[in-house]
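Shown below, as structure tokens, is a lone chain in the form predicted alone; questions about how it binds or moves come after it.
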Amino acid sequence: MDIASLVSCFGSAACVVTQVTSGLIIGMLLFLVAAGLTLIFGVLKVINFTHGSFYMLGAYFALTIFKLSDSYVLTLFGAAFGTALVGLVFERLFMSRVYGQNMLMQLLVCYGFILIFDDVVKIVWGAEFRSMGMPALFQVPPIFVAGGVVPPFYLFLVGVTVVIGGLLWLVIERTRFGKIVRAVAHNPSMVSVLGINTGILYGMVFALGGLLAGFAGALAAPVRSLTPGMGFSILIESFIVTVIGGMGSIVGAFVGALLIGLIRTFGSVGFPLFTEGLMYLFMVLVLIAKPTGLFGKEIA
């Protein structure tokens, strides 16, 4: 415990800017992964334990596409849609067969594919650490705000994530597709009776969740080391985010991700040996105060 360092950090504008920036980066990546996770749970009532693997695949897809094209824009969309396709195939061929079954069965299927995806990555890309490197567009001097260092890529990452979050909210809350998705989440039988193919809709939702995770992986690739199994840690943190924000809530995922990001960065200053514990402690306190999460709703 180093309370003096934490107090000193809050007394320095440069330290606050640096830590807030780092917290935003962590939070934005967590939001994209957690948003897909909570969307899949909200509609399919499935806790997708393979979601961290989609993040990993998105990062490795980005590595390959960037080396072939040298275009980061193409890399982002290629990795995202590639991961969405993997998610769609996974849902149609495997997860669709265990809907409505015991949660243990769903867990075993997901856990099995975590191991499969990790081994596939080792076979295709190798078991060693890989690095994509920073795209040339962002290899420019950092921006200084109140003495704190803010890399331009961080601003890009935050901006893109906020736009994606806004678009996702608009799609879910303001479009016909979003209304159907929300209706299926509440009463799939009634939606099916109205002539809507819920199987196709489930596949689309799973693909959308995979797309968000893949996008997060592609955004993380320039600033993170790539290694098989890298999806596990972000999966755990994404679950914490969804529990804090409320299962099924996109807004909750955004707020929860920001809170966890800031807790991690400032916690590493004041509680370097208890940073992980702080996240779990905060989750416990939220659940004690509001068992459904900050933006979760009681299930009737």
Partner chain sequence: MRHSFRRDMIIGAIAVTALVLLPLVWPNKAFIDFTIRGASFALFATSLNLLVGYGGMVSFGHGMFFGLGAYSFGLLMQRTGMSIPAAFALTIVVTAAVALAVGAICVRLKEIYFAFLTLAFQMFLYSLVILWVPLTGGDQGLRGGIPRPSFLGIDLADQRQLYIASCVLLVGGLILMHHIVESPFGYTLRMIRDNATRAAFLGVEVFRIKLVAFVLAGIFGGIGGVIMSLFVSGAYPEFANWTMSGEAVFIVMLGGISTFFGPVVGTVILLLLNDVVTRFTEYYGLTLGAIILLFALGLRRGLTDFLLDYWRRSPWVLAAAKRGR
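Numbering follows the first chain given and starts at 1. Remember, it's a predicted structure, so these values are computed and weren't measured experimentally.
There is another form of this protein, the form predicted together with its partner chain, and it is not shown here; the text below is about that form.
- Partner proximity in the model of the complex, defined as non-hydrogen atoms within 4.5 angstroms of its partner chain, places exactly one of 26-34, 232-240, 253-261, 63-71 at the interface: 232-240.
- Mapping the unseen interface onto this chain, V284 counts among the residues with a heavy atom inside 4.5 Å of its partner chain in the model of the complex.
- Of the heavy atoms in V269, none are within 4.5 Å of its partner chain in the model of the complex.
- Interface membership of P152, defined by any non-hydrogen atom within 4.5 Å of its partner chain in the model of the complex, is ruled out.
- Interface membership of R97, defined by any non-hydrogen atom within 4.5 Å of its partner chain in the model of the complex, is confirmed.
- Using a 4.5 Å cut-off to its partner chain in the model of the complex, not one of C9, A13 and F144 places a heavy atom inside that distance.
- Out of the listed residues V162, V171, L137, M103, M103 is the one that sits within 4.5 Å of its partner chain in the model of the complex by at least one heavy atom.
- Exactly one listed residue, out of V193, L167, I123, I200, brings a non-hydrogen atom to within 4.5 Å of its partner chain in the model of the complex: I123.
- In the model of the complex, L273, F274, E276, G277, Y280, M283, V284, L287 are the residues of 254-288 with at least one heavy atom within 4.5 Å of its partner chain, listed from first to last.
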